[in-house]
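A single chain comes next, written as structure tokens; it is the form predicted on its own.
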Amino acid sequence: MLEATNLTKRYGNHTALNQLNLTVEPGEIFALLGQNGAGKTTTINLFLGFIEPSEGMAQINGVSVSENPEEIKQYLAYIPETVMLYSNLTGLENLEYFSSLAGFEYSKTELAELLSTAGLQTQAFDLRLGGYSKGMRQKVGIAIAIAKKAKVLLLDEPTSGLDPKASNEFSTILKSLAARGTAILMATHDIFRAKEVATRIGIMREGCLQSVVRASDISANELEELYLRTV
């Protein structure tokens, strides 16, 4: 579903991403670990089409991102570190608006069911987003991804700033999306959360993917040791 082939991004003499080869299958959660500047966000932005590659190719569902930027939008949803929604609208209204932009029309009952599936508490549906916590905003973002029937979910530091309970709830929702066949690529600093939620984990340093491990084959302590040796 997601494929990077020799994907490279340079800014002048600086190589932000160097010859990345990566695949993420339907139903898989791939976590990218690394320090700031390792190339995680650059990878996400290349798959989103926000920036053009210097070399190589990013593909979603077999479609080149740079050659078909409009087509790939139908396949993906994106949740950044800070979810950008309309603070003066309610959770329900935000979901209705953004799903309609993607060409989907839902009844109020269906919208409420989508928010419930994303884990948002019922009493928050009709409250303005300005009063939401970060975790609640992310749940609306997840509901939008479900409403769009996104085949791919791209996440950039999704658990940054969340308390342990909210972070655990978010992980549970990601696993349920993966169980539905969504391919998920997540950039994160959170080693524990990566081990908890991911199928595979990649460790990046200075724009290069240094190691890839299956989460089931490594303990949290071993992952931390590998991470510290790598970065």
Partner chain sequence: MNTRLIKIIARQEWAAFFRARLPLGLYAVLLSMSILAIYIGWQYVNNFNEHQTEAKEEVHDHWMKQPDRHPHRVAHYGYLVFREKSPLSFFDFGLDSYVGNSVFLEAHRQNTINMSEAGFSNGMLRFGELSMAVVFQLLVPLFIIFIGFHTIAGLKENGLLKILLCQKATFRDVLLGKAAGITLLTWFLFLPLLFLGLLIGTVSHSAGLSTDELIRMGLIVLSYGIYFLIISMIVVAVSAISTNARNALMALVLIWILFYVMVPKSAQNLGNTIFVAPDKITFEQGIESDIAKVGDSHNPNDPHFSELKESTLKRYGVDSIQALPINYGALVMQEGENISSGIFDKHYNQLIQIYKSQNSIASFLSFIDPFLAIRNISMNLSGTDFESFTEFQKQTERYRFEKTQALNKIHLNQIKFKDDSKQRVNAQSFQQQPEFKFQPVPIKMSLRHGAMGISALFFWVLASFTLLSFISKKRQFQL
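Numbering follows the first chain given and starts at 1. Keep in mind it's a predicted model, so treat the numbers as computed, not measured.
Beyond the structure shown, there is the form predicted in complex with its partner chain, which is absent from this document and is the topic of what follows.
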query: is_contact(Tyr97, its partner chain) in the predicted complex, heavy atom dist at most 4.5 Å; finding: yes
query: Touches its partner chain in the predicted complex: Arg128 (any heavy atom, 4.5 Å); finding: yes
query: Interface membership of Phe50, its partner chain in the predicted complex, 4.5 Å heavy atom rule; finding: yes
query: Any non-hydrogen atom of Pro69 within 4.5 angstroms of its partner chain in the predicted complex; finding: yes
query: Candidate from Ser133, Gln121, Thr82, Ser160 lying within 4.5 Å of its partner chain in the predicted complex - any heavy atom; finding: Thr82
query: Listed range touching its partner chain, judged in the predicted complex by heavy atoms within 4.5 Å, from 175-183, 191-199, 51-59, 26-34; finding: 51-59
query: Neighbours of its partner chain in the predicted complex among 184-203 [non-hydrogen atom within 4.5 angstroms]; finding: none
